[in-house]
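For this one, two forms of the same chain are given in structure tokens, first as structure 1 and then as structure 2.
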Structure 1
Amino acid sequence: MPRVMKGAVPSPNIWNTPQVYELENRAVDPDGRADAAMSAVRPRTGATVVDIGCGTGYHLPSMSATAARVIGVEPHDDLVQLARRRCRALPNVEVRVGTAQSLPVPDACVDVAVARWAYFFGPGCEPGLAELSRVMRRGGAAFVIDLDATRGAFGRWFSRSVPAYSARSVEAFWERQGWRSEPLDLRMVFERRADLEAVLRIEFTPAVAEQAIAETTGLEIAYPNVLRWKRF
């Protein structure tokens, strides 16, 4: 059984298959559009950055290149160990065990908080939003990147796999919370067809994954996302 902090929200794709999720991380957004969109709102240069739900720490090294300090927070202990191993040569990076609703950092110490496909999926994430209000420094910004289920084949496959998900309810929730949003037209680009198929199989139910594989030709998938942010 995985060692996971109490209160953690399960993330089956990375928790159960971190090696395949690593392939997905490598494939997503080769154009750097997500980072560019966040930097346009609040650059990371010289900042204290927290990556919420950092998983194996894939994004921590790139964050550390310009940030003064980077803290990865992850509730799954096995993933924490992988993230620490990945970043052990980076003196300005630290990985801590914690959850979004109980961040292991002091009050008003964070300039930039980022959550990619982790925890902040709409209604029910209010405890995590309260934590952001506690830890964010004046002038800072928090970002949430999530799949846009209203667009493209990827959104259709997701909606079929998670029929209880209501994109309209999620969007209304974020508007009520005072967050801004903009579409992110990302893509996944793979080196091997087998890697593409493996990723689709961890993202969707078996039947939907096989349909997605059949519909996808080549090594590229359009991946519509949405960037949400709030200034503090």
Structure 2
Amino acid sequence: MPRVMKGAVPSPNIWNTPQVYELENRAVDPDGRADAAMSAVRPRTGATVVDIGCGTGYHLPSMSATAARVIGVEPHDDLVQLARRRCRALPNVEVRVGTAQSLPVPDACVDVAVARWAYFFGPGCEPGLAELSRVMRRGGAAFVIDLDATRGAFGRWFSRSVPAYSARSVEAFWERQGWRSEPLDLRMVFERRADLEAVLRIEFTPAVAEQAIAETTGLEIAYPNVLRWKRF
């Protein structure tokens, strides 16, 4: 039985099938748009960066290339081990067990915080936002990258899979918190059709996944996201 910290939001895609989630991460954003959009707001060069909910640490090595220091935070013990193994040769990366609501970092030491595909940042995440206020240094910026459920076939498949999700409530929540947002038009590009289908099957309910597979020709899927951020 894997050990998961209290307060973690279940993330069946990466918790149950990290190897398929790895295929998804490899396919997403071949154009580097997410990193370019974040760097335009707050460059990472020389920064202390925290990746909140870092999963298997897929994004930690690329962050460590320009940052002074990178800290991955993840509540799922097995994923922490995978992230540590991935980054063991990188002296400026460490992975800590923790949650967004109780970040294992001291006050005012973070220049850039990133939470990517992080269900735990949305309505009700005020404790996590309070933690960001505690750990962010003046001049820093925190980012949340999320699927935009209001756009495209991907948004439609997501809304059918998670009917209780209200994109309007999520948007209203972030507006109330004073965060800014902009559309982030990403794409997933796969090398093999089997990988594309496996990823759709971990993202959606079985019926919706089969529908998504039938509606998708080739190896590419448009993946409309939204980038949210706040400066500190």
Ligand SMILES: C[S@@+](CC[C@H](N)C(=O)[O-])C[C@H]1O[C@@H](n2cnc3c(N)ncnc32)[C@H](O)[C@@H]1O
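These figures come from a predicted structure and were not determined experimentally. We call the rigid core whatever largest set of C-alpha positions still superposes within 1.5 Å between the two forms. Residues are numbered by position in structure 1's sequence, first residue being 1.
- Note that the form predicted alone is the one shown as structure 1, not structure 2.
- When two forms of a protein are overlaid on their rigid core, residues whose CA moves 2 Å or more are considered shifted, and residue 143 is not one of them between the two structures.
- Annotation for residue 120: C-alpha shift of 2 angstroms or more between the two structures, rigid core superposed.
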